[in-house]
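Coming up is one lone chain in structure tokens, specifically the form predicted alone.
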């Protein structure tokens, strides 16, 4: 099976066709809802490769940060700089997979066909994409009949059909069984190894250890630390991260 056919050719080859949107620079990002500041002076840089795990307790702003980076929400203050690219250009070169996939009430294959046609991609890639995520045998089945793990694999195939440079994942394996978790991780890891930049929200410590190149740890809407995974797990710098990793409640 051709890598290009499934839409997973090395990202470097795709980026050569136009200026890359990475690296990313975020400066003094603020998000307010009325009187409440939910993200407060967020600043960080991300390079062009690897998997960043966004971690932190519930309510720390992880999902909101992903929505801001993907352009689904606008910040109250601050800058998100994808190397000077316009918001429209950036969004078209990214994909986001939510915890609960929203699928079309059509067949499994029709969910992929819809994206390929909307993005002007080769419709002949549908079968290969489904085979890649282990759903080729369910192509004609209604998507609503898929199990939770299968539905999430279809959501990933649909995201990969857009040939993203950046793939955002918002707890895509929450509530899935261990086999489904590993299947999702395998698909995501393959995309990462081909150069797709992964930004992944998770509460799963084992998953973060298996997949992270770096960890962005949030607490109370602020960055408590941004550290290489090899340093974060054995020796986090912040007390908040140490408490989190030791199972103590962080509020």
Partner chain sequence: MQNMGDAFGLALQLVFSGDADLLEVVMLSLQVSLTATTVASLIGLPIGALVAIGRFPGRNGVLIVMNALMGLPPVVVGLLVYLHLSRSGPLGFLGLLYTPTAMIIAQTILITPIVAALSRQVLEDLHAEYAEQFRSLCLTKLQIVQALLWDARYSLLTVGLAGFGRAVAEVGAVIIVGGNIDHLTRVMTTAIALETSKGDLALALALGIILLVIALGVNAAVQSVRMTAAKQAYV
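Positions refer to the first chain, counted from 1. Think of the rigid core as the biggest set of C-alphas that the two forms share within 1.5 Å after superposition. Note that the structure is a prediction, hence the values are computed from the model and not measured.
The following text describes the form predicted together with the partner chain, which does not appear among the structures shown.
- Proximity to the partner chain in the predicted bound form, defined as a heavy atom within 4.5 Å, singles out one entry of 226, 222, 194, 70, which is 70.
- This chain appears without its partner; in the predicted bound form, the one residue of 142, 136, 148, 123 with a heavy atom within 4.5 Å of the partner chain is 142.
- With a 4.5 Å cutoff on heavy atoms, residue 118 counts as touching the partner chain in the predicted bound form.
- Using a 4.5 angstroms threshold between heavy atoms, residue 153 stays clear of the partner chain in the predicted bound form.
- The partner chain is not shown here, and in the predicted bound form it never comes within 4.5 Å of any heavy atom of residue 180.
- Taking the partner from the other structure, the partner chain in the predicted bound form has a heavy atom within 4.5 Å of a heavy atom of residue 104.
- Exactly one of the stretches 155 to 163, 76 to 84, 124 to 132, 171 to 179 approaches the partner chain in the predicted bound form with heavy atoms within 4.5 Å, and it is 155 to 163.
- Superposition of the core reveals a Cα shift of 2 Å or more for residue 87 between the shown form and the other one.
- Note on residue 89 and residue 121: their C-alpha atoms are more widely spaced in the predicted bound form, a change of at least 3 Å from this conformation.
- Between this form and the other one, the CA-CA gap for residue 66 and residue 87 narrows by 3 Å or more, being smaller in the predicted bound form.
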